[in-house]
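Okay, here we've got a single chain as structure tokens, the form predicted alone, with questions on binding and movement later.
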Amino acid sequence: MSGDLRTIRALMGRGLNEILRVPGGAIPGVLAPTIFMLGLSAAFGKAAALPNFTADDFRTFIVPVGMLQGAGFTGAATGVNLARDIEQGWFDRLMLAPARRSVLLAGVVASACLRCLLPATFLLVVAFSLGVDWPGVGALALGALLIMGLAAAAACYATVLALRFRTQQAAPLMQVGTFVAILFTTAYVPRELLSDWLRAIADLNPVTHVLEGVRQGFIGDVTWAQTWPALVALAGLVGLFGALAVRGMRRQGR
């Protein structure tokens, strides 16, 4: 167990050090959710005046979407970095390490979980300075937990693609998967205002539950009725893509 933890810490440290070594690669992912929030609120801010809209301020409604986007971007970047390591041969050396494949994956995914807090923090600082409602410490803690979980699922998904294609040219597939998963939710308007076809997709999309879980505190109070579906949805996403990623790592070199 201690050896596994040291391996995970080493891989986490390597992933976090990339922010310092290549800050230009991290800055776009940190800024993008904030730019997204500012652009959409400027263009569609008056949508909050629509009947059945559940927030008085569109920025308050859209901030949780930006938090999820930051997590998705971080997970996709993790897959791109892994594809780069495969191309440069570092990943092949990693596969020779006397560690279980699940431990190696845990180290890679854990770094994504921590890195996703950077864009979320920057977004929240800007949002609160513009007058977005304070959701409470408990709601922020729950939101941080949920976006870290989504970053883990996105990192596992991107890892599956990196191991399958073994090239950074698969980056668009990694990015579009997380983008679409967040897009087809109640991202822009409440469920009641969605078109019938989009409402049906959002109801089936597990990321919708995650988004509604993060929105707690920003919109309404934190309740167990909205928290447990988000946790179950995350557990399913991480379990599915994590299993596929471990399977892909075990098949390397065969």
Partner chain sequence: MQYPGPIAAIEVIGLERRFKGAVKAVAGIDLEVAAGEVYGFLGPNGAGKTTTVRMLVTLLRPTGGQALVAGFDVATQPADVRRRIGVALQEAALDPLMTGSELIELQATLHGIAPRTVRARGAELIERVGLSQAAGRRVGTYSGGMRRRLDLAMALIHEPEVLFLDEPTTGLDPTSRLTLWEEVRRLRDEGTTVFLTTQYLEEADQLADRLGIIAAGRIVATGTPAALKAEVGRPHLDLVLAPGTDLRRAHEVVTRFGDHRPVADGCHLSIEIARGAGDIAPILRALDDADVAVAELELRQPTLDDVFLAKTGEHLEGSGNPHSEAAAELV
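Keep in mind it's a predicted model, so treat the numbers as computed, not measured. Positions refer to the first chain, counted from 1.
Another form, the form predicted together with its partner chain, is not on view; read the next lines as being about it.
With the partner omitted from this view, the residue of Leu231, Leu11, Val246, Leu237 that lies near its partner chain in the model of the complex is Leu11 [heavy atom within 4.5 Å].
Between its partner chain and the residues Leu114, Leu140, Val125, Met95, the one pair within 4.5 Å by heavy atoms in the model of the complex involves Met95. Although the partner is absent here, Gly131 lies well away from its partner chain in the model of the complex, with no heavy atom inside 4.5 Å. Contact between Trp90 and its partner chain in the model of the complex is found at the 4.5 Å heavy atom cutoff. Residue contact check for Ala171: none of its heavy atoms lie within 4.5 Å of its partner chain in the model of the complex. Not displayed here, its partner chain is approached by Leu104 to within 4.5 Å at the level of heavy atoms in the model of the complex. Only one listed stretch (96-104, 152-160, 132-140, 72-80) carries heavy atoms within 4.5 Å of its partner chain in the model of the complex, and that stretch is 96-104. Contacts between 6-30 and its partner chain, taken as any heavy atom within 4.5 Å in the model of the complex, involve Arg6, Thr7, Ala10, Leu11, Arg14, Asn17, Glu18, Arg21, Val22.
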